[in-house]
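Below you will find one chain, with nothing else, as structure tokens; this is the form predicted on its own, and questions on how it binds or moves follow later.
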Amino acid sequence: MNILTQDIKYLKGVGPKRAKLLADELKVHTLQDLLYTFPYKYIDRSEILHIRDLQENMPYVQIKGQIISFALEGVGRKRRLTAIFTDGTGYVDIVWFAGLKYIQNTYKTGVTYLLLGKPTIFNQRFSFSHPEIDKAEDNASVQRKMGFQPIYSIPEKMRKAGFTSRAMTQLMYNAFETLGVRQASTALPDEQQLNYGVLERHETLPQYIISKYLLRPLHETLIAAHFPRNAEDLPSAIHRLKFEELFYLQLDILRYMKNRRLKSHGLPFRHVGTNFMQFYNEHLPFELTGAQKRVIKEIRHDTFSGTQMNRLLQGDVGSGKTMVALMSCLIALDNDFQACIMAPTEILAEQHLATLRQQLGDMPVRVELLTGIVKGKKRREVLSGIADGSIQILVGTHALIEPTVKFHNLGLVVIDEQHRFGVKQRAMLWQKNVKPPHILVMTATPIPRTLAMTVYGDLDVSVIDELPPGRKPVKTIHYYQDARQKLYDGIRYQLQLGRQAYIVYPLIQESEKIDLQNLEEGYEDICSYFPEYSVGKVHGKMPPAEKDEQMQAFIRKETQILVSTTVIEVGVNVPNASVMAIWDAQRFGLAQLHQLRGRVGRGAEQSYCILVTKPELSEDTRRRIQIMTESNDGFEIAEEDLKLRGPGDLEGTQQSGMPFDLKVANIVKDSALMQQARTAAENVLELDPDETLPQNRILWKQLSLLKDDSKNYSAIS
């Protein structure tokens, strides 16, 4: 039996109760799980300071001296134990609020101790609250074991059960001893004096990769990651751990991608025919951009190749993704297949339907809608037309995935704003034909390359990075709230030109009542200031029918101003709207601000986005506002968003997920290392496509251990 897979309860110092805590709180079930639970910081225990050298705002420090007196103070819940500690150069106070009896029984006056803690100033003197205290005679062993002391993140439930970072440190010692790691000398740890025991035989990367990328062996890495000898010992250990995580992540993604291409036989679109050519020659409203032409060629290549297409199409709002989707649908029609477009909301589905019908004009292509509001006789007609093939393009919401929807011969599925759909919902579209249809996933949320490589690493990615001719970039301006008059005057000028305006208020769940109140007050304020114009109001708490009616009135130009929350963020197309004023813009993330700005600038006229904030802003918020005013590039903005907020905040990434969790690496900060790891993984797959080379046996075994048994939904996008 592999000792590393031994149940953690058998480790010295654990037992059944602690084993349950470790499993529930830290997902530690085995010895190996424990070794891969790393400290989040380290404290230098090799240096002892004098009290006279202490300064304010110092991190953890170590001082050596004696307790000269104890005193019990306060009553009831305010009861505390204080002590005076000296090293001969000055005095500090120590205070304990819990475990008072234990402290009194354990620590004595006149004994020399080593104190470790964070100094704070109280009553003009340095004070330590609940410091770590060791007998100075044990100092040699403490320093031998830890030049740097690891500090582990301990969840609240474990802390309440008396399980501290120090207890975790002791378990790590016990684990290494169980594996036969022995110290051959009483000096500080030295690689020449360590016997690595069983651990030396535990390696997870082939030797040729370790050598090529100058990585530390795993047995050295694990010891150095928990108990670094000094500051220089740590970086190479962290580097090895990060590289390994990113390497296996990329290897899994790339292998999956390769296997999908080999196994997923697609529906062949062998030629471009009458529908595509007639549309291209007679119905194109404007010349395609170079980026649109490039993407259509990529889609054409995929659908012709005989393998199933699984492509992500990224493009800023207004970049012409819908046109690419329509022309892809026409290629499907030319090969006797049906196509469908799935949108996240009814209003967006209706908008797609209107756009497609308008662009197709008098072409003999039947396009129909299927959403929750299509009922009775009309619904039966649509279902019948889908089943007999007379409906060639179906536009709808998640109603498309219902079991009653049976296609005659579905060949292409276009999913718009894919992050709005659950993974299982998308998977159901695969079952709508004998062979899975080609999948084109579209998003206006730009995904930075560093994130796309990981979260969408198994998809082929196309990018539309040009605006159609005639479109002018939106001008973004920052106003403080006291410039309301200036803002309203600017809006009035645009309305006098015959344009329309959005005014957006935040609606954040935590402060929903206040936000709705602000929106109502804002609505009344706008109505009173613009009495000659019609003002609409939309927020997510309204009944759907009322909300849709307000949106439609704005689309029909019956209302000139729409006061709204972020419900207008995705998909609403009103080319006549030229102003987007965002109130309390400091409360929105970069990605959301960029999405909202994309609601204007959809016509040929100059459009404006005004970010209104309070004057007092944090540094991060000022940076966000500055980025918005300086750049219209969605990908640049997404990269900045990723740096400021981390990957978890980007819409959609949570659902897509990754094959396994990263414990040490960070896909934002370690993007250069990820590229190196990806190159290493690509080389492995190129030289060992059948996974049979003896030198890679260790590698494929490790990957299978890391893999989760759960169904891999990343196949569906």
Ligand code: ADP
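These figures come from a predicted structure and were not determined experimentally. Position 1 is the first residue in the sequence shown; the rest follow in order.
Omitted from view is the form predicted together with this ligand, to which the following refers.
> Choose from 463-471, 493-501, 533-541, 401-409 the stretch whose residues reach within 4.5 Å of this ligand in the predicted complex, heavy atoms counted.
Selected stretch: 463-471.
> Could you spot which one of Pro131, Pro228, Gly266, Gly318 gets a heavy atom to within 4.5 Å of this ligand in the predicted complex?
Looking at Pro131, Pro228, Gly266, Gly318 one by one, just Gly318 meets the 4.5 Å heavy-atom criterion.
> Between the options Asn310, Gln550, Thr322, Ser607, which residue brings a heavy atom to within 4.5 Å of this ligand in the predicted complex?
Answer to the contact question: Thr322.
> Considering only heavy atoms, tell me if Asn518 and this ligand come within 4.5 Å of each other in the predicted complex.
No.
> Although this ligand is absent from this view, report whether Asn573 comes within 4.5 Å of it in the predicted complex, heavy atoms only.
Close contact exists here: in the predicted complex, Asn573 approaches this ligand to within 4.5 Å, heavy atoms only.
> Give a yes or no for Leu288: in the predicted complex, does one of its heavy atoms lie within 4.5 Å of a heavy atom belonging to this ligand?
Yes, Leu288 lies within 4.5 Å of this ligand in the predicted complex.
> Would Gln292 sit within 4.5 Å of this ligand in the predicted complex, counting heavy atoms only?
Output for Gln292 is yes: heavy atoms within 4.5 Å of this ligand.
> Enumerate the residues of 336-367 that have a non-hydrogen atom within 4.5 Å of this ligand in the predicted complex, in sequence order, or give none.
The one in contact is Gln359.
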